[in-house]
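The data below hold one chain only, encoded as structure tokens and taken in the form predicted alone.
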Amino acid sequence: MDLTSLSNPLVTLDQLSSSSSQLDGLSTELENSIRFGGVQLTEAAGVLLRLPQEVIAQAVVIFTRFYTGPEGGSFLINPVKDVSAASLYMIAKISAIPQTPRSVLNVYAYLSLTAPKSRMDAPSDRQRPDPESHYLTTGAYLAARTTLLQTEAMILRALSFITKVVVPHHLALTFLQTLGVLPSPPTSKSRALAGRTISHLNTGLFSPQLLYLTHQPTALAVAAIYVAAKEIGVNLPCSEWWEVFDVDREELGFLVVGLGSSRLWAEQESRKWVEGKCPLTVEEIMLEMERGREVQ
């Protein structure tokens, strides 16, 4: 099966081994935490904008790509909120559901007001302000719009204007149909299998191993199907079916472990910041780095 048209540009070993943030003195552990918080922010904004998960996932990949490698952005220079907003705006603009700068910026302003002290201590719906009631003033909007467009241009330059992002979600559903385990009409078990597969793909976006940047979407789809089938108890073909989708056993094994550990890592990361909000602004990050030096 020729799947070359469904491939993404992948990061190199040099880009994985060193980032601008690390060169600026950020530890790998804190860098992973900030990236995790940035992905959460992008996901939350996408949901409030009612964007499809495919568009949100594409924006997350662009956000993650930008901060990868020594030529990429640095968390100590390029604010997470600005890059997250520009990534979502840029990807939505070339989708079937483009968003105005005003809509995107209003959502991020709303999220900045409702950010919980801890990721595990989100305010109740009764405590949250009405999203419809929050609206940037003209002056604040014009300033934020300028920053949004400047950040978008900066991301495009950093990525050499390569914005192609193929995500594995629809591929996974197609592969399930090809394997004959997603019949029409679907059964309760096949629905559970499809749902668990998509869930693993969504969780993989948070992986500290940057699975979406190091592996092609076909491989991610195959691995998510494999893990989900084991969990649901669905029998897949006895032959090495993954080879049909151009995935070898070694890559499949790595991704199965990576996807399987992503949820546990995300839960641990949320508990890690139970005493305080994960630092996302440049000022918060610098303060966290100073605390770390004091502890040492």
Partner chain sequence: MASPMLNGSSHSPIGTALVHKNQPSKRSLELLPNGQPRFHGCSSIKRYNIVSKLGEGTFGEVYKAVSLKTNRAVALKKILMHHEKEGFPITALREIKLLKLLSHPNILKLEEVVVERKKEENNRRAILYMVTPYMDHDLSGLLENPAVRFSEPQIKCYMLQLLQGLQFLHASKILHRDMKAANLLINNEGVLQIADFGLARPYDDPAPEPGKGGGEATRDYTTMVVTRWYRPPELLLHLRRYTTAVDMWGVGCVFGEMFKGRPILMGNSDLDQAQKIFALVGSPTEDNMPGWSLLPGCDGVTTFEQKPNALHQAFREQGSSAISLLNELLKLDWRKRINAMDAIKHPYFTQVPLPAKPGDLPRFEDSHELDRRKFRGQKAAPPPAPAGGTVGMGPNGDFTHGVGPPNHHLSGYRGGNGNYPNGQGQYGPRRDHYDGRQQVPPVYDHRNPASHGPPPHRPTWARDVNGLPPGPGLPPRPPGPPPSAVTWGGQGRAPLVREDSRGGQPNGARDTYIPSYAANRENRDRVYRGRDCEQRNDDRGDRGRYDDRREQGPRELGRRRSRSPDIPRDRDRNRETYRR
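Since this is a predicted model, take the numbers as computed values, not measurements. Residue numbers count along the first chain shown, from 1.
What comes next is about the form predicted in complex with the partner chain, which does not appear here.
Q: So, a 4.5 angstroms cut-off on heavy atom distances: do all three of L41, Q177 and Q268 pass it with respect to the partner chain in the model of the complex?
A: No.
Q: Could you check which residue among G253, G233, P70, P237 gets a heavy atom within 4.5 Å of the partner chain in the model of the complex?
A: Contact residue from the list: P70.
Q: Which of these residues, M90, L193, L205, L171, gets a heavy atom within 4.5 Å of the partner chain in the model of the complex?
A: Spelling it out, the residue with a heavy atom inside the cut-off is M90.
Q: Taking 4.5 angstroms as the cut-off for heavy atoms, does P101 touch the partner chain in the model of the complex?
A: Contact with the partner chain, yes.
Q: Taking 4.5 angstroms as the cut-off for heavy atoms, does L211 touch the partner chain in the model of the complex?
A: Contact with the partner chain, no.
Q: Does L287 reach the partner chain in the model of the complex, with heavy atoms at most 4.5 Å apart?
A: Flag for L287 set to no.
Q: Would S199 count as a contact of the partner chain in the model of the complex, using a 4.5 angstroms cut-off between non-hydrogen atoms?
A: Outside the cut-off, so no.
Q: Heavy atoms within 4.5 Å of the partner chain in the model of the complex: which stretch in 259-267, 223-231, 237-245, 23-31 meets that?
A: Stretch 23-31 is the one.
Q: Check each residue of 39-57 against the partner chain in the model of the complex and list those with a heavy atom within 4.5 Å, in sequence order.
A: Counting only heavy atoms within 4.5 Å of the partner chain in the model of the complex, the contacting residues of 39-57 are L48, L49, R50, L51, P52.
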